[in-house]
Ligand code: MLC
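We begin with a single chain expressed as structure tokens, specifically the form predicted alone.
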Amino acid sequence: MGTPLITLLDASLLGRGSREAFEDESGLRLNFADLEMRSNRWAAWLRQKGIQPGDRLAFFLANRAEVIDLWLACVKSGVIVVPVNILYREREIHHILAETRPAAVVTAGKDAHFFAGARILEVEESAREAGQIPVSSRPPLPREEDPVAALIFTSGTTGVAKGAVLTHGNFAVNGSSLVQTWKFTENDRYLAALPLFHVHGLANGLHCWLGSGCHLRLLERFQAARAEEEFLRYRPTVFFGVPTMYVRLLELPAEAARKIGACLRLAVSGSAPLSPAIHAEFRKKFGTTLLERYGMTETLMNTSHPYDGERRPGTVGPALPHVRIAIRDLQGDEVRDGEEGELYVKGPNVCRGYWNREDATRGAFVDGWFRTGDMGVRSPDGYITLQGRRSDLIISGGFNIYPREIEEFLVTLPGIREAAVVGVADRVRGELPVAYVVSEGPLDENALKEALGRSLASFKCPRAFVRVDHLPRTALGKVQKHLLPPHKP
């Protein structure tokens, strides 16, 4: 199994007890010994509430210290965490509750009405109760060799979300690998703005922090209006973000960007595609080269730009040391470098499968390899270029069209802020691409088609352009194409 998760966490919880560890927007400050004691009390509180190893505990919480307390308490107790996206509402929440049947849900009182019929533990009251428990020792560690740590539901960009079964070992190998690959030290300062219900903020952010012993400032959420103040006050050396965050940071004044970039040794972008244009603009304005990586809920991190090597725009770097990647055609045969295919992943980072979904689990694994559903190309030196989801592939007149290629070109054109391309049925060609565009003004379709025609093959030119006010996205910035309005010719 490799390093147990608690061993990774104990490097700081037990090994750096007196070192300052945490602050948040409320003014709360904690050292690592405080985190150890708080989470021990929460673990005892869980036992008082009758929540046992193997039980599921859901939380529906914005970023706050208690999310970290709960995560550590559950890791120590063998309780399985079910983080719920705080943007979800009744239908999505009911689906997750029906799938996982948690012993309880920890949430703010104002949100309890979303969980009708569930056992609600209100977070403020729970924190007071846990804080009064006179406990100084940990609960006995679970005896299972590699217990399940969390059921994290896929973002459901194409339909019903499924719960990925992630173990302590999955999180441990991911965290320790990233600490080494991205050269974290206890001298780093990590500004944490990603939601902790998602693997980007939880598996990457929290575990890089605890694995390295650096300092963390937790924000409830990223706010563009406060970004300049937050960065210049805290002076982080590390920031993890999604592309939309970096687009908003590019709006900062040049002098502020220069000062932020002078401190920022590592800015990681993930969870959604980053255009090469944004990559270049950020480097020019901040003096810092964004590091892109590629992961999934089901596999945690798979690839990363090297820390010291080339951070090649448009790619997500080579495979991480513990990960094997194969690129295969529709028949399941490996293709040569430079040829497109579906990415298959194998390694200790890959989940056990989907919770209570044996059919989905069987369909996701082939001879021990996890089918990602992502299409890509590998260069001779190992860098992976993603081309989009297998399910997004448009086949028009026998030609393969990857929407991402068209989308990335469209956002380079004047006045185009965002773009999403989907396939619509066509009697003659099977499918045709249609572009949904967020623009600063009215669309000039002829000008768009002329620009596309100069740079891309004619069969890739969208049949129509639909102007929309915004693209529907998940909390981590992925476009939910199935929620776009239907195109009417």
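The numbering used is simple: start at 1 and walk along the sequence shown. Just so it is clear, the structure is predicted and the values come from calculations on it, not from any experiment.
Missing here is the form predicted together with this ligand; even so, the following discussion is about that form.
*Candidate stretches 345 to 353, 192 to 200, 177 to 185, 133 to 141, one within 4.5 Å of this ligand in the predicted complex by heavy atom*: Contact-bearing stretch, as computed: 192 to 200.
_Taking this ligand as it sits in the predicted complex, is Leu410 near enough to touch it, meaning that at least one heavy atom pair lies within 4.5 angstroms?_
So Leu410 does not count as contacting this ligand.
*Evaluate Ser271 for contact with this ligand in the predicted complex, applying a 4.5 angstroms cut-off between non-hydrogen atoms, and reply yes or no.*
Yes, Ser271 lies within 4.5 Å of this ligand in the predicted complex.
*Can you check whether Arg221 is within 4.5 Å of this ligand in the predicted complex, heavy atom basis?*
Yes.
*Might Arg47 be said to contact this ligand in the predicted complex, defining contact as any heavy atom within 4.5 Å?*
Judged by the heavy-atom cut-off of 4.5 Å, Arg47 is well away from this ligand in the predicted complex.
*May I ask you to choose, among Gly368, Gly397, Gly338, Pro321, the residue with a heavy atom within 4.5 Å of this ligand in the predicted complex?*
Contact with this ligand in the predicted complex is made by Gly397 alone.
*Partner-contacting position among Lys162, Arg293, Lys76, His215 - heavy atom within 4.5 Å of this ligand in the predicted complex*: Of the listed residues, the single hit is Arg293.
_At 4.5 Å by heavy atoms, is each residue in Leu87, Thr244 and Arg463 next to this ligand in the predicted complex?_
All three within 4.5 Å in the predicted complex.
*Kindly indicate if, in the predicted complex, the C-alpha atoms of Glu292 and Leu456 are closer or farther apart than in the structure shown, bearing in mind the change is 3 Å or more.*
Compared with the shown chain, Glu292-Leu456 is farther in the predicted complex.
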